[in-house]
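Below sits a lone chain in structure tokens, taken as the form predicted alone.
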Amino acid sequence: MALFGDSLLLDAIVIVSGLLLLAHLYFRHKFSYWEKRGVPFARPTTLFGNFKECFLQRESVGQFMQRMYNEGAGKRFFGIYVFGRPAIVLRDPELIKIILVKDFNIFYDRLVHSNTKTDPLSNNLFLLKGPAWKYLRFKMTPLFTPFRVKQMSPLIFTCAEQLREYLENNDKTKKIIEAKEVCGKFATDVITSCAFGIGSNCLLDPNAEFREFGRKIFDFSVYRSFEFMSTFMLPLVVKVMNVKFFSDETTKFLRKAFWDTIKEREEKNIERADFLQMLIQLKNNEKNEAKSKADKNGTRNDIADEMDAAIDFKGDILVAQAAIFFTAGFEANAAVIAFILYELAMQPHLQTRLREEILDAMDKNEGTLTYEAVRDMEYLHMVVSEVLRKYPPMPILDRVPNRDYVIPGTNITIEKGTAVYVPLLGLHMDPDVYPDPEHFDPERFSETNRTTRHPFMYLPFGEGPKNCIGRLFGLIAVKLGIASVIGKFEVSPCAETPRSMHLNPKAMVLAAKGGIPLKCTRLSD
């Protein structure tokens, strides 16, 4: 029986209209959040808020945040909506400094979310929160000191030599190289050697397992892109849909690689200067430390109990640290090296200047490169810094306050649990700070020019206690990769090379849309 007269159609119209009205009122209430608090904000659209283009994968998360940064021009901070959830975008470098450093004790957690029960490898330094993160960061920081990175550098040098051999063989065939794929193979060889103690041979074997699983992790299909976006922007979706950072297949593969290597080392008493060896030492040290924390009566004190509650260094906890080192390292390093080769190919005079510095360093070291020589090349550092400005691999930073927080100099409160974003791509491409920001110019990072800018307008590795722990390792891997190529080869554009760079709207880590084809020609001796 019809509710209103005899027309089922009329009933349907009334019901649908009522639902639409309720939805309108609901979102009207949701989208009044920033206006009621006197915060300038981006005008939202029903349902999506300001997130529509990103959700539909027409722009990446980094590009979305850059657009919000630009829309808030002239403001210290700017309110946005991710669907119905309010968030705030920081624009003022002094305010960014306060939140990332001075008030870090309030903003030490990320919004980024994972399911640690169903995705065990997400128990890693990047995704963990609270006391577990603090304790793990404290324990792992000594693993990435300059001394430790230098110890691992011979492994990187070996991979760089394999990269040169690969390019020399390719030069004989005169084939065009896909820069991101070649750099991905090199970066994967570096990370697997240093993180898992395994020669993955990606440059020699096109079907190498580690390279295949690396592709799967960062396969920016529609659904995989949605998973990554949800991890960083939509924590409720991660919970409801059981989104996983590492698939079951990837977890199984990385777990086996990790434990097989440990078993072989223990059976053969092998020690190697790599990240895996440091994890083994960390595990063994934790056992001894826990034992020493028991009191004379055999009971455990509060410190030992707190340690065990935070992190238990065994099983998948160890695998998770190697897994995130592998994942974050190869994709970011590959992207940075590929972008550098592209920019140098498009401006040959910059490539020539860099090559002169590289060859001069080699002449001073009997025709070879050393760790110190690569580390200390000034122009190489300027080139890498400029690429990290224009293409920061992780284009946003996210933080969540653990209590209500009054923004300094205002009476505006950021409520506990509200997402706070630092839009790196927006900061790095601000024309008021970096004139003609699309132009690639390493001189922006000369010693003189660096001092003219606020240091918190350049944050490729984040800043404060939660900055990138692998910064030194990443820089030396990238610099050695570039020095190995540019010292022996001329990189130039081909017919298929894009004359301007377009970013992949599906990629969480900044990536070129459609690849980066280049010519790589061996220089005459």
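Note that the structure is a prediction, hence the values are computed from the model and not measured. Numbers follow the displayed sequence, beginning with 1.
Only in words, not in the display: the form predicted together with protoporphyrin IX containing FE (HEM), which the text now covers.
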- Among Pro498, Gly487, Gly462, Pro40, just one has a heavy atom within 4.5 Å of protoporphyrin IX containing FE (HEM) in the predicted bound form, namely Gly462
- Item | Proximity to protoporphyrin IX containing FE (HEM) in the predicted bound form, single hit among Gly72, Pro442, Pro235, Gly329 (heavy atom within 4.5 Å) | Gly329
- Message: For the three residues Asn333, Gly470 and Phe473, which mark the spot I'm curious about, does each lie within 4.5 Å of protoporphyrin IX containing FE (HEM) in the predicted bound form through at least one heavy atom?
- Response: yes
- Message: Residue-level contact is defined here as any heavy atom of the residue lying within 4.5 Å of protoporphyrin IX containing FE (HEM) in the predicted bound form; does Phe144 satisfy this criterion?
- Response: yes
- Item | Heavy atom of Ile324 within 4.5 Å of protoporphyrin IX containing FE (HEM) in the predicted bound form | yes
- Query: Is the gap between Lys466 and protoporphyrin IX containing FE (HEM) in the predicted bound form 4.5 Å or less for some heavy atom pair?
  - Reply: yes
- Message: Since only the chain is shown here, I'm wondering whether Phe246 would be in contact with protoporphyrin IX containing FE (HEM) in the predicted bound form (any heavy atom pair within 4.5 Å).
- Response: no
- Message: Tell me which stretch of 447-455, 120-128, 79-87, 265-273 has a heavy atom within 4.5 angstroms of protoporphyrin IX containing FE (HEM) in the predicted bound form.
- Response: 120-128
- Message: Could you pull out the residues of 245-259 that have any heavy atom within 4.5 Å of protoporphyrin IX containing FE (HEM) in the predicted bound form?
- Response: none
